[in-house]
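Okay, so we've got a single protein chain in two different forms coming up as C-alpha cells, structure 1 first and structure 2 after it.
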Structure 1
C-alpha cells in the first residue's frame, strides 16, 4: 500500500520464518585510511600558503576523537528510534531545515513540486521527530548542501564538485543480492557463472527496514525523480532516496532529467532506491557476508543500499533492472557505446576495459548517442542514461579533450586528489584509489545527439584487446559467430598488470557486462542475432591488441590502423571486400583495406615463428572452449538447437 507521498509503506507483520546463518566480514579495506580524517588528508595535497581554516571548527573537531564522534552519532540515532511501537516513522517535512519557515511556505520553485506531503503519524517516540525531504534540487542547491554538510566536498578549479565515496571506492559485487522469489527463480540466471546471488524476501525486508530507519533518523534526505531510457514509449520512472547531496547530484547527472511539467505529473515511480550507504547492514542477518549490502527485489521494484557510499552501485543497479525489464518487452538491453554517422548509420561498440571502446566510439565526425548503456527496440536504439561516467586516472586534455572539457560546474569528481590551495586536480595521483571517476550530463559532450536516440544499428562491433597476438585486426562475423563472441566477451590482461603474471591472461565477461545481466547470456545473444537479422546489421570482431607475437614479443596494432578499420566498417567498404577464412576460429578476414598494411590482416604473416603462432592460437582456442562450458547446457524448453548452433561457431581443433 502506498502512503500519500507516493512511497511504499513498510509492512512489519506477516514475515516468514527462516534459519539464521552467521556470516563474518572477511573483506579487506579498499583504501589506506582507518578514519574519515585520514581519508580526507589523502584527498588534498599540501601546498603553501595553506588554505585558511575555521579555527573554531578545527578546535572543536580536535576536541573529539573519532570514537567519541561515532558514539555521539549512534546515541542520536538511538534516541530518535527509541520506540518499539514505531509504525510510520518521523514526520516528513518539505524543504531545508536550515531555511526557517520554508516548511510552511505557500509556494516553492518548480523543481520542488515533488515534496511529499506529511502523512498522519501514529503516536510514538519517533513521531516527535521530523525528517525534511529535499526533492529534485538543482545542481547549485546540491553544491551548497554538499559543501556545507559533507566533509570532503570541495569545488575544484574548473568548477566541478570533488567528493569522497568513503571506504568503498568501487562496486562490491560479492555483496550484491537479488531476492529469489518464485518468478525470479524461474526467469533469472542462477548458478555457476551467474552474477546473481540469492537472498529471501524476509531478509530483504529486514535490510529495507534498517535503511528506512536510518534515513528517517536523519535531519534531511534527498529525493530524485528521474527517467531511464530516452525512448518515450519505454522509459522507466525511478525515485532515488539518499542521505548525501553527492549521491543526489550524481544521479541527477546519470539519469534522464525530467522537465518541470513531467515532474508535476510524475506519479508513482516504477522503481525506488533506498540509499542508506553511510549505515552498515547487520552482518549477522541471513545472507550477509560483510557490512555492505546491495539488495534488489524485482517484485517490489526496490533496491536497498547499506554499508557502501560508492555511487556507481546505484547506476549499475538500475542497469541490472533494465536488463530484467526490457527483454520482457522484447527490447534488448546492451552494455555498449553507440554513435551515429551524418547519414544516419548507427554503430554499437562492445568491449571490456582496455579494448579502446571509449576511444573508438568517440569520433568527432559522428554523433554520440551514449557511452555505456543502451536499448535496441523496434523503434531503434536509445540511450538508457542521461549522463556519462568516465574514468579519470591519467586523464589529459590531449588524450581525451571531450572528457577534460566536460569536467566543469555540475560535474561530480569522485575520489580525486587536488592541490589544497589552487584546487587543481592531479589526475595521475592514485592516493585514494585508481578508480577515480567523473559523472556529468551527456549534453556536456559537444557532439552528443539530443535526444539520445537513433535508427537501427548497421554495425555491431565487438572489441578485444588480444594480448596473445593471434586474433586478426578485423573479422566479419556471421550471426552464430556474433552470438558466440558476444557471449564470450573476451579480452586479455597483459603481463605486469598484476604481480606474478608472466604472460597474457584471458578474461571473459558474458555479453561484455556479466556483472550486470539478469537473464542467461544466451537469451541476450539470441535477441541480438534476431534484431541484427531483422534490421540488416553486420557483426565484426576487431582486435585492438597485439600483432606479430604475444605481449612482450610482438607490437600492439597501431591506433591509426584500427581507426582506418572502423572507418571502413562505417563507410560500408568492408561489405564489398574480398575475404578468406582463418584456421581454428574460422573467421572471415578481408584481404585488403585502404590505409592498412595488407600483411597484418592475417596474423600468421606477422609472426616470425610460425610454430609458436599455431601453438598460441590453439592455447587461446582452448581457453575459449573452457570458458564456454558453463553455457553449453542451456536449453530453451527442451530444445538445445540454438546452443548447438552457437557452439558450432566457436573454435574447432
Structure 2
C-alpha cells in the first residue's frame, strides 16, 4: 500500500500480521509464471479471431479451419516466392526468426511448409533453407522490426517512424521498363514521349529471379496482402513482398487495409510486387542502363524492383497498373487529388508533383476522398489508395494543420532530419533531400470520407506551378481548353536545391502524369472529355506558382490566396463572376474574388517590368506550342470537331 507521498506504508498495528514479515512493498499476488520466458509470454495475448466461436465443437472446427487457412496462406506465399527454374517454392515459416525459442503468442507452432511437389529440376542449397515470412504485421510490430534491424529508423517526438530510403530519394522514371509482349505492343503507348520503355520477357524473368533469390537468401521477408480501389466492383488484390519493415509499413499505410475477415478470404493476389530494392540489378542484363530497375510485366501480373529503396516506386508502379487495367473497363484513372463538400460537390485536382494536389485536397472544410490517385467510373469517383503521401519540406502547423497532425504514431516519415536528442523534426532541413515525405493512412486526416468514394465531379481543377509567373492565379476553361491543358500537362518548378539555377524548368507531362500512363494520352483525354460533358463538370486552371515576376523576381502565390480561389470554385461564386480574356493564352480570368487582392488576378498587374512580362509570356506560349505538335495529328474521341477545337484552344500569337 502506498502513502500519498509514494512511499510504502509500514504497518505497525499488527492488524494484518504475515507469517514471515519481510519488508517489501509488494502486497499484490505474485505473477503466475515460473520462468522469465513464461512471464514474457503472458504479456502478449493472442489476437482475437475474427470469426466468433460459440460452442466447444465449433471452436474445434474453427481452430482446424484457421490452421488450414494459415497453411493455405503459407503455400500461396511460397508459390509467390518460387524460383522459376529450381524448386517449386521455398520453405516458408511463419514468424520472426529472432523469436524462435519463445513460445509464440501469435502463431501456431512454427511448422515448415511442405513442398507441394518434388523439386522439378534439382535441389539447391536454397531449397534446404527456410525463409521466415512476416505477413501483414501491425504498425507496432513493423516499428519494432524497423528500429531493431534497419539503420536510420527512429521514433520522432510525435511518434512517427523516421526512415531513410537510401541513395534514391525520388522516383527513377528512366529505369522503368514494361515487358513488350504481343498484347502490350498492340495496346500500350510506345515511342517518343511515352514512359514505357520496352523490355523482353526473358530479361524480366532474369530480374525476377534475381529479386526472388535475393529475398529468399534473407532470414525473413515482409508480405502485405492489400487492396487497391475503394470501388468494390473494381477492387484489385495486391501482394507486396519486401525486405524492409519500412516498405511494409509504407504500403500498409498507402494501400487499402483489409479487415481480418477480408484477409482470411484473400486467396490469390491479382498482382504481386517483388521489392528487392537493396539489391542492384545486373548491368550485364539486357536493357539495364543503371543499377536500378522497376520492371512491370502485365501478362504475369508482376512488378520487380531492384536497386532502389524509394518507396514511392511501389505506390506509383501500382498506379501504372491501374492506368492499364481500369480503361479496359471503361473507367478513367486519374492522377489527381479529390475532395467533396458537405453538400456532395466533388472536385478533382490534377497536377504534376509539387503543384498542390495533396495540399489543396486536404481542406478542413471538405471531406477528403484522396490526395493522388483516383478512378472515375459510371458510379462516380473512387480513391485507388488507402493513404496519403505528403511532401514535408517547410511543412508548418499553421499552414497545413491537418497534414501536420497526421504525422504521429503509424506514419512513415522519409528522409527528414531531426534533433538527435528530442527527436523533433526540422521540416526546413534539406540535408538528406528536398523530397522529404510523410505516408499516413487516410483516416489520419480528421475529415476523410470513408469509404473513399463520391459522386461525379462538379469541378475539374488543373494545377500548374508556373515558375515563369505568367499564368493567371485562376482561369475558367471551356471543354476544349480543359482538354488542351490536360493533354499538355504543364508545370514549371525551379530545379531543386542546385545553386545558380535561375531559369524555371518547363515540364510537360501528358495527362498530368505521363510517367504513369500506359495507353496513348488521347485515350484518357477522350474519356475525360466524355465524362465532363456527360456530367456537366467545369474545368479550371489554377496557377499555384509565381506571381509578380518569374522565379527570382516574384514570389510564390500565398497558399491562403490559393485556398480562397479554390473556395470560390467550390462555392459556385466563380461561375457567376465577371470575366475578361487574356492575351496569347486566351484564358477567361475573373475580375474579383472574395479574400483575394484583385490586382493579382491578372498577372500583368503584378509585374513591374511589362516588357519582361510580355517576353516571358510569349516564351512560355512557344514552349506550349512546341510540346503540342506531337499531338496535332491525333484524333481525340469520336467527335472530330472537338479535336479541331482542342488544337485551337492553345495559345495564339
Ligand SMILES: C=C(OP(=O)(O)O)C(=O)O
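Note that the structure is predicted; figures quoted are calculated from it, not measured. We call the rigid core the largest set of C-alpha positions that still match within 1.5 Å between the two forms. Positions refer to the first chain, counted from 1.
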Quick check on the two chains I just loaded: which one is the form predicted in complex with the named molecule, 1 or 2? 2
After core superposition, I'd like to know whether residue 196 moves between structures 1 and 2 (criterion: C-alpha shift of 2 angstroms or more). no
Core-aligned C-alpha movement of residue 583 between structures 1 and 2, 2 Å or more: yes
Could you check, with the core superposed, whether the Cα atom of residue 563 shifts 2 Å or more between structures 1 and 2? yes
How much does the C-alpha of residue 574 move between structures 1 and 2, in Å, given a rigid core overlay? 3.4
